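As a starting point, one isolated chain is supplied in structure tokens, in the form predicted on its own.
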Amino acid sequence: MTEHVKREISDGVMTLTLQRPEKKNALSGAMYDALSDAVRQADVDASVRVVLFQGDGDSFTAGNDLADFAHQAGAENSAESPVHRFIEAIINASKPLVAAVHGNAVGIGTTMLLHFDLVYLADNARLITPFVRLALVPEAASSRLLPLRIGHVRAYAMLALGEPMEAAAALACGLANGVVPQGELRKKARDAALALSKLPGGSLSQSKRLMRDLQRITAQAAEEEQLFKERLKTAEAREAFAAFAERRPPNFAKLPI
């Protein structure tokens, strides 16, 4: 286990388990690095044919650790940030990515799923993208991929209003392959990963590439990342994070747009 990320390889499946339940699996820089390294290793390791993500505790992930936001705000080279490396790794992953999601999947916990090939949700899963509420913008090319998947108005409600999407709704609009009781989630996702592991790997990789406009996705993610970095330094973002820390409603009315 490396920095709250457990990596196991068995029967052609690399399983990555988020193990920071006391923080609801909020992703630290070290956790992002561990995940990025694992996904990149999987791409070049012939013994790995599928990568499966899951989380311990009561949440898949609470998203980015707040301390990382402060670090990003001061970082001059965003290309060196752990978040950048992770998003780049999942965008460019050539082998199938499978997710088993339970509880809350916040921010990157939801946007990463747009780059996964199979997604299974527990019946208590909630997908939450509170970017605008935090005075930020979407990331991981979600400003393009989410509207393409579920339509503009539903995507706007998630990204702008921060409205959670429950598991049944996510299944109905194409964000998941199935919804099962939480006790059955890991078996369901692993069975799917094992089924993929038995298929011809070259065919899977080429089919995945054909199904994704990698050039457009990469460009969208880069534009989002630049705007995200700029937004972290704004008065609106400072107010949003201060309000969050102080457990009060933010007041943006008197701040410049």
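Numbering starts at 1 and follows the sequence shown. Given the structure is predicted, the values throughout are model-derived calculations rather than measurements.
Although not depicted, the form predicted in complex with ligand COA is the subject of the following passage.
Under a 4.5 angstroms non-hydrogen atom cutoff, ligand COA in the predicted bound form lacks Leu227 among its neighbouring residues. Among heavy atoms of Asn64, some come within 4.5 Å of ligand COA in the predicted bound form. Proximity of Phe131 to ligand COA in the predicted bound form: non-hydrogen atoms within 4.5 Å are present. Not displayed here, ligand COA is kept clear of Ser142 by more than 4.5 Å at the level of heavy atoms in the predicted bound form. For the residues Ala34, Ala189, Ala26, Ala42, the 4.5 Å heavy atom test against ligand COA in the predicted bound form is passed only by Ala26. Highlighted residues Glu22, Asn104 and Phe244: every one comes within 4.5 Å of ligand COA in the predicted bound form, counting any heavy atom. Residue heavy atoms within 4.5 Å of ligand COA in the predicted bound form occur in exactly one stretch of 179-187, 163-171, 106-114, 90-98, and that stretch is 106-114.
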